[in-house]
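Shown here is one chain on its own, the form predicted alone, set out as structure tokens.
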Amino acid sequence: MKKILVPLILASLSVLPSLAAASSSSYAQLLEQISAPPPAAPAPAPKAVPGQRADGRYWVTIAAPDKRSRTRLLEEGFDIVVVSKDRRTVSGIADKALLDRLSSRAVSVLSSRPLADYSSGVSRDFPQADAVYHNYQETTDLLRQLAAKNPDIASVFSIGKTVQGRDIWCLRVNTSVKGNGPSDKPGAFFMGNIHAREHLADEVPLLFASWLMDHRNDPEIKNYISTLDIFIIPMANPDGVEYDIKDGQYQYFRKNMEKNSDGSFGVDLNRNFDSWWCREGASHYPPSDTYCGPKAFSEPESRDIRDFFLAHKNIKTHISYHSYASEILYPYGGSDEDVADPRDKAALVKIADQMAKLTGYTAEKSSALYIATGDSCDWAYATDKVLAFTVELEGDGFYPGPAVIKGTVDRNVKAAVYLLSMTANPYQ
């Protein structure tokens, strides 16, 4: 039966649901809001707005023709944002001190320009031009609305608090257990926005939650809801998100808000897990965007995620959403080694390939471009053999505007539904 129903429900995703549920938590209404023309942007400011973190940093392009050279750049503290199509150069963000250090170490810096100049054509006005994106309070409110309207199957609870005391909210979809209690049902866990500036990674799991509630009575979705334990954390790094949009100006900020020993701020939460912690492809340089922290699980947010996994041993599948490379990545990212279990490797490859077909992305091993240690998905697989995937969403930058949301969500809802179909038996 499942083999028949899965294609049917996936095919139905290409057609938008009707506006039957007239509420702000309705998936159809959310998409309608996203599709509405944005308000007119204000005239450009004559100078940079005070506090704009882009000032003082640089957009840098460097020759890095092989995996080892790219990995070394990460270790130096360079934030690789883009790898060229021929994989011979990389571009990303560096502060002045790092740029000087790279230049003194025989690194071939091909170009550099102030990040404020590089980003000058990007609309940074989150409240107006990008108002359809959900900030922390709006994300929280929508999760609560979804649970309040579907109390028989959904609940919201906090997995813990951030550096600045914000709750990390989780929507749970389970017909027999509410809140943080244990369950024997196979679990699927969807997490977004562990990196602050990747706001599209909040929208995809958040709108997927809305889509599930709107489609809860579809035969296939009803079956998943009754037989699985589904967890959705759209925003795993709320402190960083709120900082990235402060004062209506994007800050190009990736990390959490921990104050480091040198006075800089932030630890890269996706380099802070105890999976080959801070070996290859992570930096001990605190101002770096890939700073791994003083020790594994030094940060409350990474500890909260760790403890959430450990408290829910029934989780079998997992997606961590990021942006922007249009890729489906599977472990390991922190090692050139493949996972040792041949059944797990086959399942990881199969599921990644299918999700890539549904999204139009590229499926590959996470370490294909470079090695990066301390990754949450590597840790989840190594600790409990959770079949964990990093989904790099699409777009042409960290702030692609509202137009990209609808298509990205549509494609990734298909992939998420497919993952649900594999959760009870990933080896089918």
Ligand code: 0X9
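These numbers were taken from a predicted model, which means no experiment stands behind them. Don't overthink the numbering: it's just position in the shown sequence, from 1.
One more form of this protein should be noted, the form predicted together with this ligand, which is absent from this view; the next part is about it.
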Using a 4.5 Å heavy atom cut-off, which of 309 to 317, 97 to 105, 330 to 338, 145 to 153 contacts this ligand in the predicted bound form?
330 to 338
Answer key: of Asn256, Asn270, Ser210, Ser288, within 4.5 Å of this ligand in the predicted bound form (heavy atoms) is Asn270
If the cut-off is 4.5 angstroms on heavy atoms, which of these, Arg216, Arg166, His322, His134, is the one near this ligand in the predicted bound form?
His322
Look up in the predicted bound form whether Thr359 has a non-hydrogen atom within 4.5 angstroms of this ligand, and give yes or no.
no
Would you classify Glu392 as touching this ligand in the predicted bound form, given a 4.5 Å non-hydrogen atom cut-off?
yes
Taking heavy atoms only, is Ser26 within 4.5 angstroms of this ligand in the predicted bound form?
no
Taking 4.5 angstroms as the cut-off for heavy atoms, does His195 touch this ligand in the predicted bound form?
yes
Which residues from 370 to 406 come close to this ligand in the predicted bound form, meaning a heavy atom within 4.5 Å?
Tyr370, Ala372, Asp375, Thr390, Glu392
